[in-house]
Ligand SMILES: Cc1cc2nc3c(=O)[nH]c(=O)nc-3n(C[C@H](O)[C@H](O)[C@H](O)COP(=O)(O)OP(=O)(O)OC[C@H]3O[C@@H](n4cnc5c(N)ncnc54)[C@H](O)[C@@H]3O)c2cc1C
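Have a look below at one chain only, the form predicted alone, in structure tokens format.
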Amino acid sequence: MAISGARQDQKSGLSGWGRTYLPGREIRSENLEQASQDYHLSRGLGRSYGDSSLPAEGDQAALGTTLADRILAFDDQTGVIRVEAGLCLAELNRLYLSRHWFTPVTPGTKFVTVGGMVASDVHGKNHHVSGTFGRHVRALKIRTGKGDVVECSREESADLFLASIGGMGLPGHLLEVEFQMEKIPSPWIYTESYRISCLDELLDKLKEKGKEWPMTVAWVDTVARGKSMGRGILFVGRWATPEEANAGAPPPRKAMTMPITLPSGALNRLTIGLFNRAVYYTHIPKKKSGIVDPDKYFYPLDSILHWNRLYGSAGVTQHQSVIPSESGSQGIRDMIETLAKAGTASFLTVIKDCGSEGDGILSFPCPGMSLALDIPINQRTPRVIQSLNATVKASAGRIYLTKDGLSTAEDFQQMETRLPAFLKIKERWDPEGTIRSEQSERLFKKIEL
């Protein structure tokens, strides 16, 4: 079932969510197993920010998976479900939330396919407790670059399975996914939020509340300076008990649409600063609590379709990194300082507390703090990304491929020490390098370090 409004408007070529267009087109098919023989890349709803879902130069088209969206099996006793890779998370939630089942890990948008959740090994507000989505995947059906259709798991063809979790679709075309759903006590969230005046207090509170709450996330003001630097709002949550929950299931939320594309540059340090100030000071009282719809808690931006138009035709990049626990908070502070020195800011800034490393060979999170920065693209942006990456490298951190569109191969390969192991597995299953993307051509090429 296609989700109306989930995709951005098309101009010329294909784009990720960051609105950078490259030549190519998308051909959709209901039969991924057959159609995947003819393409070098599969893509779902195109919600990765950069070029990971865009065909490499010279490739004319990508295989769109969203018509292959069937639920193949579900065990209502165990919660084990098997679906085609093109099934949208929004549809999964629509069908199962009222039955008190939910995906064990959800990203910040419901407009993503299950295949995309595997390829990105998505994480959410509960990473410090539940890990990434890949931890809950039991089996995958994949067409490899050699043309073979392989059923793989932790017990069978385990190298292909683990390379595909967080592998950006590069080990092979994802056809089917089997994973464990979570039984929930009610279809509502109990949440608390706290307005916090500075970065150190915010990070300390985030770690402290993570010991009590299964879901935690913080919004951060990247423009405030001095003692207020890094001030923000901490949100915590859990599934509400039947006694706490509202009656019945949440009704469908009505979504607005961003009707126009704003001029590039409309979101700048001044306007973002005004927005951040309003968000911070309208959180009254300083501590709030209540029962909320899961859509409002997990997917606040999905209530505005095509919200990426706010950034203008030049688009947006997201720099998401994880700074290991042993590096402390200095890396996060340094990246916020980098934005100030460059005269830019992040419109939407999110910090999460990360738990153990994912099972996938290239899974993104590791124990520490994740910082996600939405940065409007202009001529200075590549240099800003390079400066942010310098801090990540100095902190022994890593970046999230799903969000990246501007890092250099040199920077990425210095951060990602696991890449050689991944490429060795990919070569075993795709010796000719048949499966590729614009991102893999940009970042995975051999360089002398």
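The shown structure was predicted, so the numbers you read here are calculated from the model rather than taken from an experiment. The numbering used is simple: start at 1 and walk along the sequence shown.
From this point on, the text means the form predicted together with the ligand, which you will not see here.
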Original post:
Any chance His173 has a heavy atom within 4.5 Å of the ligand in the predicted complex?
Top reply: yes
**OP:** Using the partner position in the predicted complex, report whether Val322 sits within 4.5 Å of the ligand, counting heavy atoms only.
**Re:** no
Original post:
Any chance Leu45 has a heavy atom within 4.5 Å of the ligand in the predicted complex?
Top reply: yes
Original post:
At the 4.5 Å heavy atom threshold, is Ala85 in contact with the ligand in the predicted complex?
Top reply: yes
Original post:
When the ligand is placed as it is in the predicted complex, which of 104-112, 203-211, 271-279, 221-229 ends up with heavy atoms within 4.5 Å of it?
Top reply: 104-112
**OP:** Please pick, from Met181, Ile336, Met168, Val236, the one residue with any non-hydrogen atom lying within 4.5 angstroms of the ligand in the predicted complex.
**Re:** Met168
Subject >> Joint contact, Val384, Asn389 and Phe412 to the ligand in the predicted complex, by non-hydrogen atom at 4.5 Å >> reply: no
**OP:** Counting only non-hydrogen atoms and a 4.5 Å cut-off, give the residues of 47-67 close to the ligand in the predicted complex.
**Re:** Arg47, Ser48, Tyr49, Ser52, Ser53, Thr65
